[in-house]
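Here you get one chain, nothing else, as structure tokens; it is the form predicted on its own.
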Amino acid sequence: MRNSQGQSPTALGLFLIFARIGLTSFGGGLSGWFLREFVQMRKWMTEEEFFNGLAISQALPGINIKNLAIWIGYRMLGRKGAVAGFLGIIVPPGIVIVLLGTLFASLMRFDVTHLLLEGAAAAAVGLSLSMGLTAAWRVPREVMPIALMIATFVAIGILHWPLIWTVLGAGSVSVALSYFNV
């Protein structure tokens, strides 16, 4: 797959992109970085493809962002892209996490450490909110998709229903509605 500048992804290139994103992200919001990197900057996939992959990644068991990296890698280069995506988003950040964990354990006695962590958490919430609003904006302006989105929000965010049953229920209804083009 080529983007508008004629660049094609390579396995090493995908690994390095995912490693860079994984190494420079703290506390979440990685799906927003993926959107910017693969859709907006490199144009290697459309927004619709990205959000389809995001929906699949969130419905599958395991870490959402790891699932999305595997999905994007597979869409770009098949199996070797999936492996590059998985290794890029997991291995380099995993090594850094172990090192930072050791460092933070020794720095937790200082107040500034707690302030830094609170700042990182606030930034992560902002990134996640941005991604959620971007995804919500892309929902088709039709009654059923919007009703399902609101019902899912109420079920999980307000009623605190179990995530697995809510996703399975709303996802099944959504797939059925899309299949029958309702």
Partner chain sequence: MSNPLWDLLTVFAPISIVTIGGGQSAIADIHRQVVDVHHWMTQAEFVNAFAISRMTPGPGSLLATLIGWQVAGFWGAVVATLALFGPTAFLIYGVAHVWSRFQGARWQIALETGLRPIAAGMILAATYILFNAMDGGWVAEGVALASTAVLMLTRINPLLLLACGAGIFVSLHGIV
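Positions refer to the first chain, counted from 1. Everything quoted here is computed from the prediction, not taken from an experiment.
In what follows, reference is made to the form predicted together with its partner chain, a form of this protein that is not presented.
- Remark: G22 counts among the residues lining its partner chain in the model of the complex, judged by a heavy atom distance of 4.5 Å or less.
- Among residues of the shown chain, W33 is one whose heavy atoms approach its partner chain to within 4.5 Å in the model of the complex.
- Its partner chain in the model of the complex is not approached by L12, whose heavy atoms all lie more than 4.5 angstroms from it.
- Within this chain, L16 is remote from the site of its partner chain in the model of the complex, having no heavy atom within 4.5 Å.
- Taking a 4.5 Å heavy atom cutoff to its partner chain in the model of the complex, the contacting residues in 150-169 are T152, F153, I156, G157, I158, H160, L163, I164, V167.
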